[in-house]
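Heads up, the chain below is alone and in the form predicted alone; it's given as structure tokens.
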């Protein structure tokens, strides 16, 4: 967590539905003003955890504190928390202005204050001039902005977002990711976001908590999660990964000696492993380096291989290589001033290496 004071404390929270354990002893602090995302596959417990923060469910055990107060038995309307749902949940018979003003009117604020705050919020989400329209007259992105404005106009301490971008097309979704991030920075309030999309989580978040089977398996900045996964689940879930089998065979001053997929090589690891330990070597596609057998750098490569397939993606080329023993590896090459060299063809022999020290070494559990 950052050096800021926590606004949310989740302490040893578990949740059961009948005989099913959905959350298992979750503990996490979220800083005031932080953008934190719960990332994980369907059924991992992330939406249940969000509902506990909102007050729609009560934990089976453990405690939830918001701004220093225990919230376990506090109903949703008495929490300084607002939620933006996947479906937006706008009132179809109300105008945009009336939707945004709904919470303020329930608080019986003066009409002049309501008008000013709604106008300010519509300007913030770039909906000036659309206050008289109804939701059906808006695009998906505009409806999402109305839902955000309606939640934020109440000035909550925490804004909860339950996959609010999932119904948008790719281009609009990418645009709204940036707008959400900028909105959070301008408002300075805590955002807690739920998604199964790794790219979405990494684009917006200060920190990410990766969830699996009711547990938080790793938490950290997007860079920490991607570059230093703590287990195979995280490594596989947050992007493409190559997994090599290896056995530690010795120790040198600056590296571990190992047999990697049957070939001798060197590994660099933050953890120490004894001789004979079986490990997994994790390499992102962009960490691999391909060279032709006649190139000078080929002498230092670990594997020989054969190009199986090349997929052009504009700024990059994805290349599948089959190395000795039959294992397929994925490499990503980026176009730059040397892009004329990225012209591999299926069947062509290559040598495969990787950037020294960029591998992650985990125990083979």
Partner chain sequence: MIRIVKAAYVSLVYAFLYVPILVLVVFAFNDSRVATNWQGFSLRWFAKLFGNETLLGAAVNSVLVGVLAATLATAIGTLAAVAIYRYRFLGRKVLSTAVYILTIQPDIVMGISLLVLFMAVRMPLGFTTLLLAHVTFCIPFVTITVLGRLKGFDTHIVEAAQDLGASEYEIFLRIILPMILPAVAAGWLLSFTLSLDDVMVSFFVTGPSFEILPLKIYAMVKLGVKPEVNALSAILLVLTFCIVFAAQLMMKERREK
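Quantities reported herein were computed from a predicted structural model and do not represent experimental measurements. Numbering follows the first chain given and starts at 1.
Just so you know, the form predicted in complex with the partner chain exists too; it's not on screen, but the next bit is about it.
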Revision key, fill the gap. In contact with the partner chain in the model of the complex (heavy atoms, 4.5 Å), from 266-274, 249-257, 84-92, 167-175, is stretch 84-92
Review point. Are any of the heavy atoms in residue 186 no more than 4.5 Å from a heavy atom of the partner chain in the model of the complex?
Key: no
Review point. Even though the partner chain is not shown here, does residue 102 get within 4.5 Å of it in the model of the complex, heavy atoms only?
Key: yes
Review point. With the cut-off set at 4.5 Å between non-hydrogen atoms, does residue 51 touch the partner chain in the model of the complex?
Key: yes
Exercise for review: Report whether the minimum heavy atom distance between residue 56 and the partner chain in the model of the complex is within 4.5 Å.
Suggested key: yes
Check your understanding: For the spot marked by 106, 150 and 154, is every residue within 4.5 Å of the partner chain in the model of the complex through some heavy atom?
Key -> yes
Point to revise | 140, 132, 76, 116 - the one with a heavy atom within 4.5 Å of the partner chain in the model of the complex | key: 76
Review point. Which residues in 189-219 have a heavy atom within 4.5 Å of the partner chain in the model of the complex?
Key: none
